[in-house]
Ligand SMILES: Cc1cc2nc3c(=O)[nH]c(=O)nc-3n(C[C@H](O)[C@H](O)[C@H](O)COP(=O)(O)OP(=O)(O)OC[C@H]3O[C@@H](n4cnc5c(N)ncnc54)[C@H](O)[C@@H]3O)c2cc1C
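Quick heads-up: it's one chain on its own, the form predicted on its own, in structure tokens.
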């Protein structure tokens, strides 16, 4: 069955990829490798969910069989969620299929069998456009498309897994804090906030807005005040509201939040790059402005 096939080990991201694929008018199918994932994927609005059932859940063991399945199905496009596991399986399948692959795509247009993509390179300083003829594998980060929903049929396809790699042990990484990539509203702090105790003002603003708190890379890695940061090497977010406090707005950070519906920047430097990205900019001392803003929100 020709059409678009999708894989992501993150459910919400799979639903986003289905949301895009359904706009093309082509058949939309999700590929999974275990029963639990298949059951969840059946609610993401695809036409069909294929459970590729083998003796292993390892990417290394299933990629060759998945590539053979896609070839037999005459897949036109394989969309993969850009996660560590997703990027791994995407590269392997593209290699087995000997087809084109484009990583971290931000825009896709399909016209007369050709796939046109855009992606940011050089830390977001340049947008690269590419055109592909024929089958292609694309990896896509979260926050690019609207998620779909709906019920799909699950079909089980038995595969022969490559058993040359075996799993010895696992050591999961425990992430602290909320999933900032799923937040609807975000208050973001930058290096303009010099003292950790000053974070209280950001927490007060987040509370009245019903927002989550995040930060720039410097706050997370240099000062280690928060576990997650927004940016090209951190989280990509697409909230309805992004409000920054003391964030200069360097391109590496803006890449991670530029898809926000409304961007508000507060900074004492009127030449800060954040104002080029912002829908609304407030020039001034955040410690004077934010308490006034909190009071006004409470009055509303």
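Residue numbers count along the first chain shown, from 1. Here the structure is a predicted model, which means the values were calculated and not measured.
Keep in mind that the form predicted together with the ligand is missing from the display, and what follows is about it.
Proximity of residue 272 to the ligand in the predicted complex: non-hydrogen atoms within 4.5 Å are present. In the predicted complex, residue 286 approaches the ligand with a heavy atom inside 4.5 Å. Although the partner is absent here, residue 41 sits far enough away that none of its heavy atoms falls within 4.5 Å of the ligand in the predicted complex.
Among residues of the shown chain, residue 36 is not one whose heavy atoms approach the ligand to within 4.5 Å in the predicted complex.
Although the ligand is omitted here, in the predicted complex none of 199, 214 and 227 has a heavy atom within 4.5 Å of it. Per the 4.5 Å heavy atom criterion, the ligand in the predicted complex is contacted by stretch 261 to 269, the sole one of 23 to 31, 59 to 67, 261 to 269, 43 to 51. Residues of 226 to 258 placing a heavy atom within 4.5 Å of the ligand in the predicted complex, in sequence order: 229, 230, 231, 232, 233, 234, 246, 247, 248, 249, 250, 252, 253.
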